[in-house]
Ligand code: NAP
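There is one chain below, alone, in structure tokens, taken in the form predicted alone.
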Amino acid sequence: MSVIRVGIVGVGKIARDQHIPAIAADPGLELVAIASRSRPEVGVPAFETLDEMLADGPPVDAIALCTPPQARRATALAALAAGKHVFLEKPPGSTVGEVGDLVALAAERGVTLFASWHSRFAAGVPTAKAFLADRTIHAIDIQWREDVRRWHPGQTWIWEAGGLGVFDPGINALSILTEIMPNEVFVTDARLDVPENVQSPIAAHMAMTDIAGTAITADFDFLQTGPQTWDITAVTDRGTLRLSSGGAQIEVDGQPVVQASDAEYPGLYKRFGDLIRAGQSEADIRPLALVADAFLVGRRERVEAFVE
């Protein structure tokens, strides 16, 4: 197959910081157009909407959707209906059920749908998965704490219904968890701290387990200043593994095993290209389902208003 021509819809911080550089670095891909209300200058034709891009822009083979999740389904359906391969930034949708429609339409149109989970492409994740595969896991603890003002400035959509709040970064940890665990994971309890002036949680605690009865806990916080924390610790019968820096680094019993730089989005786009060339789709909704279950069983506690 020749070079895959990509259009991006929604050019905000994540598209500028990650998607555009990753596409530029991949010899099998070419960014040929963007659609964004602000029409930023990125060196390719810019349009306000996907419809305008498809009608008046250069030929495109694939669309990467970097819009907020609440509005993504309609745009994804339009791209798939037009016969375009679709890359979904995480989370793949604002509900679990809507992703099923996208999977069905992609199969009907014979195109690729890729629900991306960038944290699964962190350097330490494959090593962690192999480490846990043949061990008895006693406990998993997730600490995912970051500063929302630093990473999501002015992004009011994140606080609205469907925006996930602290689960927007927290789902990255859950995507790693569902990738590295030998058994399926389910939620047993949750507490969601929701500011009195918004719809989505600013902090959350989850309790989970699997068929083996593994004790799994997760704490998510959007108000951590100073050093940021993205750690997963697994205590096993043969050593303790610690994934840190969002999965880029691994220690086993305190000794470094993997120390790597950020290569998540290049890995995502390589996977997207490979799926397109193989005529396959990949749409794992398990991380999103864990978030949905936390909302189902979670106790909501109102906390003080969030003011950016």
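All residue numbers refer to positions in the sequence shown, first residue = 1. Because the structure is a prediction, the values reported are computed rather than measured.
The same protein has a further form, the form predicted in complex with the named molecule, not shown here; the description that follows concerns it.
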item	value
is_contact(R300, the named molecule) in the predicted complex, heavy atom dist at most 4.5 Å	no
In the predicted complex, V11 touching the named molecule (heavy atom, 4.5 Å)	yes
Contact label in the predicted complex: P68 to the named molecule, heavy atom within 4.5 Å	yes
Proximity of H118 to the named molecule in the predicted complex, heavy atoms at 4.5 Å	yes
Contact check for S38, E89 and Q155 against the named molecule in the predicted complex, heavy atom at 4.5 Å	yes
Residue stretch of 218-226, 192-200, 174-182, 89-97 approaching the named molecule in the predicted complex, non-hydrogen atom distance within 4.5 Å	89-97
